[in-house]
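Okay, here we've got a single chain as structure tokens, the form predicted alone, with questions on binding and movement later.
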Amino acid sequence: MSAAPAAADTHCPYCALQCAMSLTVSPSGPTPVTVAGRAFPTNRGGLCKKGWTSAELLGSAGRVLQPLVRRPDGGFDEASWDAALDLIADRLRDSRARFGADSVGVFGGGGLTNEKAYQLGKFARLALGTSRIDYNGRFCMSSAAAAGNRAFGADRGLPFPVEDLDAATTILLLGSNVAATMPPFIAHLAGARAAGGLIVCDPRRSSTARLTEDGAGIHLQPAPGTDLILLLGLTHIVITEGLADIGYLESRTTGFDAVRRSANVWWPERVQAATGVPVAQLRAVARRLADGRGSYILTGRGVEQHVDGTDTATAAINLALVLGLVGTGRSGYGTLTGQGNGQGGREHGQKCDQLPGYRKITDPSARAHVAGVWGVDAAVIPGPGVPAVELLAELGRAGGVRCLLVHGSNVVVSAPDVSAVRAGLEALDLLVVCDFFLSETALLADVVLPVTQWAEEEGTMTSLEGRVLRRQRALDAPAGVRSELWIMAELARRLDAPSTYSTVPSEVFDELARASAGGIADYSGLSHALLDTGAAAYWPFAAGTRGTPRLFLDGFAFPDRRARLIAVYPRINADAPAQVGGVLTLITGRLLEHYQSGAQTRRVPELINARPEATVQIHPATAARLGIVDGDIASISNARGTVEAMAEVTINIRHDTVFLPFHYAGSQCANLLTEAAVDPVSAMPEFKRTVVTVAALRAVPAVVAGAAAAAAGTGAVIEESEYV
């Protein structure tokens, strides 16, 4: 490998907005590289707190720098790479011989580069011969992806460039707090805000919801879990008031009659009774979306992370199609991908049912094509496996997964019902974790393998708008650290695996491009060399083309080129909280300062000092009824577990709801409470509606409570200047 350059242009290691940044090596500085924002359409030079502080982790004292192998007494010893990989290969070979190939599982991550995600899928299916592979993107994008695939025939988060939103006069944002999760994105909402057309649907008065104030838009505050009914109600109003685009429906869609019937029973007054959203607001939103001046509907995890998440995302798509918004070039529908490579990570083989290029693993022609690129007989490629929650439920069980390799995920914090997940991990014969730090999951591992961080590696990422971006190396990795590409190649060699496994990212990408050729997510016209020119590269980017910034302009990805309107129906949830005693609905979400499981951001002093612990948001009326005072420690519990968190009493939440961030571990882990119930279509877990009992646990001395509340934040409006 050649020496790293003194400077490099790259992209932020966190969310899928993939803000552009420049890195300059600073050997004598407080961090190994200096970060600067870089002009780019998504962030226009701005970064959030996470981006500005991202370099601090590169030289962190807590970084794992050598392979670690667990001792019999539970501690770790450093080991050589050869010793660690020989141990892993021997244990994997033994498990496959005794219990079959599916006794070995792989759990990937939406933060891996396209190259690593692609090679991980290939490694699992050929070197390990297992069908048991899935990834944490199942917790993030699966419902939106399933809805997009069945409505449009393709799943690309935003089927248009982000900057198209600048010209919008109306944007309906459902279940996404972009002001906290991807702050530079809010610049693209400025036009809609100026026109009074930013509409935010969220049970909380979040930072994003507050952007609608002072005439900038409307905040819809439905009861948790009623988003599907809300969308059916909006569709009803659009149809009954003659606002539907009948010409568009007749020429570009099928299924309208069934959708009309499904919406008929959700008249405004009934929707108000179910959701709590006033009829006047419902009518105002429907009319605003139909005014023909550039309307967009965007969904996020808040409406998708439910057992009916696919149907809810489908209802949002139906509304967009009935209004004639999709594929026009002046309006649209999209979903906001969360993880840095959530889009690319699901396109090229980490999902249990997919092959590269977004091909179905059950499709004989897809299997034949990919097998030809890999140089193997298609018969050796396993069939579909099981999605993430089911995969984790198999851990340590008879006939299930006995050895697990984890890449880029911290399931002990991020998975639903984490107590059960922890028990499964502890029951494994072998747990191998590739990570930069001893995350909560790595602390349970038998072997921990230290891997490169973002600024130490070459590769590509695919942003929330389907744009393929180059990640360029700015500095050399520490001596004992290796790339996952190298690890997979070394293990494949030890396991006598078929095919070849390159350690050179550009070569892996070239193979990925060939494997994706002709698929929905076709990268065959791309290469590192082309991306290094700065070319805007939106997939599908077939060889000989210039890519596709705007999908669906010429039709949808079905043989008849028509979108599918699919009727969906609400389900009556029998465990809806009765509001007796302290029984409430828990919703979970993110904070401005932290990312995902917090495995990285909780190690950055500025970020953890700003939000040192989880706080539970609770309405003043509810807090008074339960005897909870701002700053008290409250217990939030159900049959699965108990979380202890400081109470933040705020009017920014519904009286029947409490909110916990999901970035924290231990007794503050929100997923101690969530259930491993999943959407039947997407296998998305129910993260956003959990029945809990809340009670005052103990008071905190006033001085301590005041200091902690100040550190954690009081729910005050965050000025936009802080975002950039």
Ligand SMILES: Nc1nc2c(c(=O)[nH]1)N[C@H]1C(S)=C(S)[C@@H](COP(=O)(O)OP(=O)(O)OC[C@H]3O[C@@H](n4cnc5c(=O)[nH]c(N)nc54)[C@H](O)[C@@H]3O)O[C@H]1N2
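All of these numbers come straight from a predicted model, not from anything done at the bench. Numbering starts at 1 and runs along the sequence shown.
Note that the form predicted together with the named molecule isn't included here; everything after this is about it.
Asker: Specify the contacting stretch among 218-226, 517-525, 352-360, 393-401, defined as having any heavy atom within 4.5 Å of the named molecule in the model of the complex.
Answerer: Stretch with heavy atoms near the partner: 218-226.
Asker: Among 143, 331 and 467, does every residue place a heavy atom within 4.5 Å of the named molecule in the model of the complex?
Answerer: No: none of 143, 331 and 467 comes within 4.5 Å of the named molecule in the model of the complex.
Asker: Check each of 206, 275, 130, 548 and return the one that places a heavy atom within 4.5 angstroms of the named molecule in the model of the complex.
Answerer: Exactly one residue meets the criterion: 206.
Asker: Though the named molecule is not shown, can you say which of 114, 235, 176, 343 has a heavy atom within 4.5 Å of it in the model of the complex?
Answerer: For this set of options, the contacting one is 176.
Asker: Closest heavy atom of residue 40 to the named molecule in the model of the complex, within 4.5 Å or not?
Answerer: No, residue 40 stays farther than 4.5 Å from the named molecule in the model of the complex.
Asker: Taking the named molecule as it sits in the model of the complex, is residue 15 in contact with it (heavy atom to heavy atom, 4.5 Å or less)?
Answerer: Within the cut-off, so yes.
Asker: Taking heavy atoms and a 4.5 Å cut-off, does residue 300 contact the named molecule in the model of the complex?
Answerer: Because a heavy atom of residue 300 falls inside 4.5 Å of the named molecule in the model of the complex, the answer is yes.
Asker: Using the partner position in the model of the complex, report whether residue 139 sits within 4.5 Å of the named molecule, counting heavy atoms only.
Answerer: Yes, residue 139 sits close enough to the named molecule in the model of the complex that at least one of its heavy atoms falls within 4.5 Å.
Asker: So which residues in 423-461, when you check the named molecule in the model of the complex, have a heavy atom no farther than 4.5 Å from it?
Answerer: Those in contact are 434, 435, 436, 437, 439, 451.
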